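First, one chain by itself in structure tokens, the form predicted on its own.
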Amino acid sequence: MSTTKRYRSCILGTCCVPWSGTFDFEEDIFRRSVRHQIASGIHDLYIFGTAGEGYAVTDKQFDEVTRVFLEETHADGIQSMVGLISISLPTVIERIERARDMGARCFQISLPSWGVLNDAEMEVFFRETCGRFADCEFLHYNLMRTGRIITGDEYGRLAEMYPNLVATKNSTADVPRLTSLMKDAPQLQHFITEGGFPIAAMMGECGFLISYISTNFARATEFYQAGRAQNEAKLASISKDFPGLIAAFKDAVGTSAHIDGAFDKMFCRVHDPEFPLRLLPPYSGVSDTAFAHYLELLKQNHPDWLP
């Protein structure tokens, strides 16, 4: 039995934020990067996930980047989403209010991570986000950094309480977890990363959260469309390259960087040689040397995954 989803199935892409050598926002490069994704067919975009350093930006940086992002995504058929990562719920509320005043109506939230929320605290969090802003839509980013993974059954109950909870992000290939997401919260659109997307797609409609195969948007779209068509053979054929792609960026980076954005900014630079790799301090980005090694590995072993 099919269930109508609250958010469309699509490829969901992140927009990394480029910083200058003095950690000022490189607005022109950012605008160019957003436009490139849209021109490449990625029409659902978000800022300030873990790859977009949502955990690190100041309020001033949050406002500056959000304003530019909403300008670039203000077009028919383009869905923009503003991410919110903070250990302070009042800060999350204030940022929703400011972004909402700029025109944002779709937000990505994740649980505070200073301490693992118990059931009562989790209820307060969703009440003060989804419940407080009934005219907005919310995607929940379900990641282990918060110390708590929300289950499919819990999502089902939250979805009943909050009609504006529309989607989730889950980086998993665990079959029982994916089965629960699809079965116990069928009204939500679940966005799954490369490893788990073929599994979830064979269970029913889901979204694709693009990560390391964003180096080639055309092939990534082919992968997503194979999932939409439940073409298991094609999914398997494309997925066979994934272990090598993962090995390439891990081999290039080694132990020099460990934050998500360090990898994602490499994927951005594959498309734009001027995209800076640095992260907001204290976190370490990837060096130019490491990126050059990564690009060479792609050229030698995976040329089909270059733009």
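In case it trips you up, residue 1 is the first one in the sequence shown, and so on. Because the structure is predicted, anything quoted here is derived from the model rather than measured.
Not on display, but discussed next: the form predicted together with a small molecule.
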Heavy atom within 4.5 Å of the small molecule in the model of the complex, from candidates Met182, Ile213, Leu111, Leu209, belongs to Leu209
From Thr151, Ser171, Thr221, Gln187: within 4.5 Å of the small molecule in the model of the complex by heavy atoms is Ser171
Testing 50-58, 269-277, 28-36, 243-251 against the small molecule in the model of the complex with a 4.5 Å heavy atom criterion leaves exactly one stretch, namely 50-58
Q.
Would you classify Asp44 as touching the small molecule in the model of the complex, given a 4.5 Å non-hydrogen atom cut-off?
A. no
### Query
Is Gln79 close enough to the small molecule in the model of the complex to count, meaning some heavy atom within 4.5 Å?
no
_Considering non-hydrogen atoms and a 4.5 Å limit, does the small molecule approach Gln230 in the model of the complex?_
no
Counting only non-hydrogen atoms and a 4.5 angstroms cut-off, does Tyr141 reach the small molecule in the model of the complex?
yes
Candidate spot Thr193, Asp260 and Asp264, all three touching the small molecule in the model of the complex (heavy atom, 4.5 Å): yes
